[in-house]
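This document starts with one chain, in the form predicted alone, laid out as C-alpha cells.
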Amino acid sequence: MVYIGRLSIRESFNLYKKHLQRGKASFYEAIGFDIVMGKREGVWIWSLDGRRFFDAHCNGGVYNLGHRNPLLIKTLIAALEELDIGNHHLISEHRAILAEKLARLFPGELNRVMYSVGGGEAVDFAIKLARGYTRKKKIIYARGGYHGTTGLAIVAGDDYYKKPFEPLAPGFIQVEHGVIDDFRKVVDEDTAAVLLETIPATLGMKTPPMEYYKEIREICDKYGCLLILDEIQTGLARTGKLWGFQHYDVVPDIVVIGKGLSGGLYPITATIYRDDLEEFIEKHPFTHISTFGGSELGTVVAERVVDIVSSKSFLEHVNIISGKIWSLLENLASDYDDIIEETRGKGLFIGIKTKSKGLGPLLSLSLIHNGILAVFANNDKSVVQFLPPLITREEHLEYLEDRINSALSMVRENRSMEKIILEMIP
C-alpha cells in the first residue's frame, strides 16, 4: 500500500474544506500557502507536487531529530512486535523505565512523572496538581504565552484563543511577560502557581533577562506557591541545554515536556514534578487518568529520544551548529537592517524579529517560496519562528544562507504587500 499521493493537492484541499477546517484551508489558499505534506525525510519535507522544503518549523519542535529518524523507526517497529498501547489501569514496566530515565535527567527533587498525550493535557495536570497540593486557587500567567487549548491550559492564554469559549475557569490572572513588578503585585497567599513558558514561542521567542527566573523563584518561595515551567518547545536540547531553564540557574517545581519527546512518531508528553507533591496524588490516585497517556509504544520511542538528546556529543553538536546558524542570521540581519530588527532566542530556538507586524507573515511566505518552511509567531506577528531540526549539519548551511537571502530580497521587493497580507490573517 502506498500512502503518499492518493490525492492531488487540489483534492486534498477540497476534502479538507468539506470535512475538516474550511476556514483554515480557505485562508491558506488565499495567501498561496498550498503545501500538502508528502514525502518527508531528515531535515526535508516535500509537498505532493514534488516541491522540497527545509523544515525550519519542525511542528514546534516535534521533529527535533528530523523526520522519520531511522533509529526511532527501528525502535518503534521492534516494539510493535511485542507491544500495543498498554492499559492505563495497570502497572507498566515501560512507563516506569522511561520515568526513571527522565527523573535522572532533572535536578533536585524533580523525580515524579505523569504522562499525557498532548501538551494541553499535560499543562492541565500541572495546574490541577498545583491547586490540589496547595489548596489555593490563583494561577498567574504571562500575556502572550500559549499553553494549549484544553480546559485549564486555554485559560492561561491570550483572548484570541479563549474569548469565544467563555465562561472559563476562574482564578487565572494575567500579567505582562518579563515585568517582575507585575508578579509582585498579584502573587499572594492564595496563589497556587506561576505558570510560564521558559521562553515563550508564540510571543516570538522573547527571551527573559538572566535574573528573571531567580526573582520569580524568590516570589514563589515567599508565598508558598509553585513555579510551573512549560518546556514543551524549549526542552530536550532545543536551546542548547537539555532543559531551557538550565540557562537561568533555577529549579522549578513542575516542568511540562512534550513535542520532541514523541520523536515525531508516537504522541507522548509528560509532567515532571517535585517528589513531595506526590503526597496529593498518593491520596487521590484515580483523580487524573489518561487512556492514551504514556502508551507503551510511545514510552519506548521516547526512551530512545531521551538517550540521543541527552548525550554529551549531541548537545555539543547542537551548540556548534546553532553558533554557525546564529552567525549566518546575524550577517543577513546586517545586510537587511531595513527588514530585520533583531534575532533572539537560544540555541536552535530562534526568533527573527522584523520591523513590523506585516513583515513577519510576508517573510514567512517568502521563505516558503524559497524552499524553507517557517511560520510567524501568532502573538507577535512581526517575528518568524525559526526552529531547524537539531540534526542540521554544516552541509545544510549554504542552502539556508542562499534561500534566506533570496527570501529577504523578495520581502524588500514586495514590501507594499505587508499590509494586505496582515489584513487577511483571521
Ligand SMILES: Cc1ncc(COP(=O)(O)O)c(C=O)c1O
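The first residue of the sequence shown is number 1, and the count goes up from there. Computed from a prediction, not measured in an experiment: that's the story for all the values here.
Absent from the display: the form predicted together with the ligand. The rest refers to it.
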| task | Decide whether residue 240 counts as a contact residue for the ligand in the model of the complex under a heavy atom distance cut-off of 4.5 Å. | result | no
| Heavy atom to heavy atom, is residue 232 within 4.5 Å of the ligand in the model of the complex? | yes
| said: So in the model of the complex, is the ligand close enough to residue 119 to count as touching (4.5 Å, heavy atoms)? | reply: yes
| query | Just to confirm, residue 115 within 4.5 Å of the ligand in the model of the complex by heavy atoms? | reply | no
| query | Using a 4.5 Å cut on heavy atoms, which of 148, 132, 144, 178 is close to the ligand in the model of the complex? | reply | 148
| Contact segment among 224-232, 93-101, 302-310, 246-254, judged by heavy atoms lying within 4.5 Å of the ligand in the model of the complex | 224-232
| note | Residues in 167-200 that come within 4.5 Å of the ligand in the model of the complex by at least one heavy atom, in order, are 197
